[in-house]
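Two separate entries follow, structure 1 and structure 2, each one form of the same protein chain as structure tokens.
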Structure 1
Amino acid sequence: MKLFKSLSVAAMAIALITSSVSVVGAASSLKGKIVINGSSALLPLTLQAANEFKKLNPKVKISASAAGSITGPQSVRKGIADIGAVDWDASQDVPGFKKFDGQVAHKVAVIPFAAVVNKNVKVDNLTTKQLQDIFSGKVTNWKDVGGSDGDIIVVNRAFGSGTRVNFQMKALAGSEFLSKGSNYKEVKSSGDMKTAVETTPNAIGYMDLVYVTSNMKAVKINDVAPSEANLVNGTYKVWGFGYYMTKGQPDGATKAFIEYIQSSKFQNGSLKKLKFIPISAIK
């Protein structure tokens, strides 16, 4: 009887090992090349997912770059990218941008955006009206919004940025941006925004939470902090879905990569560690 049990356990172990090997083998047989372009806000997520996916599928090559959201669906339309990462659903019209016909939008993340200031700024909370006045150039000194005396330096993202689209629509309620002046800077990417706010005294800008560092401060908006809990409970309004755009329905390695980034394992693991919020958290 003991011998029978031992043989049974061994047989089960061999079966499990064989099953595991076949699953790994099936995964690793996937081949192809995926080119991703677009949102710099989504780039950290894309790079992390690509790193994990390539370990599981070593025969798949993935290249990713970020030059702003609008370049994502543009690259897909031109046929130079398989996936366009964008901070809005580019299959629909949004203020300032017409929809990209024939493209399919795949939700991959919830992105919290925040108004951020240089660490020397003594302001912790701003109202919608104060943000509108600052980013339009109507208010130019921090003392006028509860801070210390100092000229406000406005840092803005260039036109075509998905972060800009979301911040303008949701933090500024559609109010227009300042576009020039001695107290105005314009940057091309989330990384550039991070550097500008970190190194420019009295600066204010905006970015997704992934890029916020100890050398800056994410301020409350209307007394509500930019946190996952506040976003999920509906009190923090400055956020958007991140999308992967494809020309029609994807297949092969592209389809498998999108499914991987949408999987509960990635959404509740690496995605959350990067300060994004799982798409399933928004009902």
Structure 2
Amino acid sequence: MKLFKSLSVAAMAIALITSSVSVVGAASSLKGKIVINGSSALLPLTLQAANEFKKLNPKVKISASAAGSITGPQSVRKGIADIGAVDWDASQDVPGFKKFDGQVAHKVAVIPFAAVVNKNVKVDNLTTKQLQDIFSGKVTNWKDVGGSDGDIIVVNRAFGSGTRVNFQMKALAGSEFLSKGSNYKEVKSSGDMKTAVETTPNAIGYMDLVYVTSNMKAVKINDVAPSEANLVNGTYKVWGFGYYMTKGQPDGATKAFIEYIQSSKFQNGSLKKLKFIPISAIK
């Protein structure tokens, strides 16, 4: 028994030594410092990728922070950051934001979005037209879109939110939001949106699909339920790519990091675990 114990300890020690040797052996000589700023929706993904990447390349330093989508490409333009994470393609014009010249967008993930309503709302399905009317303030009562009598409370994200830009482009086909009214409020983050929709009767809002809880209802849009399967087969349209913006084509450590996050190993592993959808799933 004693012999067995010491043998197993010795075996473990040998295994440890060899495995650490193999890690050192596999570690590349890549050096550098990568600064990432931007979207908070992409931050969990970035942090996870950074952790794994640092294990493979111990000489690369990565610091990631998030202050909102628009700060990503801005930091890149100012030279503060090497990578700007953003929820829309910032090299193109989108509603409210001009394009950032000279920046290259790299797709890193697919983010599904959902229109959500409070549990007390009887409506299960909304068409694009109905969503446009609700969020622009033309329809103000649930009974006009097939629900029971009750004023619609519209909860919106503040201007500049990546989720808002995506929802406006994909679910509302670019139509304007209302901005005033006694049944309208704005919230600061996806977390606040979740609380507001959960606790306010007759409320409607929108958020990343991963934030949807059992205390609210994600409605079907044009008779298609928001799910990964429907997104992948092309019937559910309300989703967006998450992008990494770089000044010109990236090189060195930055290039390697972007390639790592786009690699099928990361896309089908950690990225799926975080409930994002791999970019390769979209044809």
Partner chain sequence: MHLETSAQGRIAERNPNELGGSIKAGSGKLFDRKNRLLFYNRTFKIICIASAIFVCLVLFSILFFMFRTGVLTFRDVSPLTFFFSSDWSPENESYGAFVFIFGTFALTLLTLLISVPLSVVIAVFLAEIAPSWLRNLLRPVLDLLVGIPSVVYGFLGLTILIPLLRDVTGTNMGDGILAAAIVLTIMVLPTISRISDDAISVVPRKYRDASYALGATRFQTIFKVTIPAARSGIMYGVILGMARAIGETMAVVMVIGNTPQLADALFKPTSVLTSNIVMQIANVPFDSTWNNALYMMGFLLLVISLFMIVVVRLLQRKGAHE
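One-based numbering along structure 1's sequence throughout. As the structure is a prediction and not an experimental result, all values here were calculated from the model.
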Original post:
So which is the form predicted together with the partner chain here, 1 or 2?
Top reply: 2
Original post:
Between the rigid parts turning between structure 1 and structure 2, which of 197, 85, 111, 90 is at the hinge point?
Top reply: 111
**OP:** Please state how many degrees the smaller rigid part turns against the larger between structure 1 and structure 2.
**Re:** 20
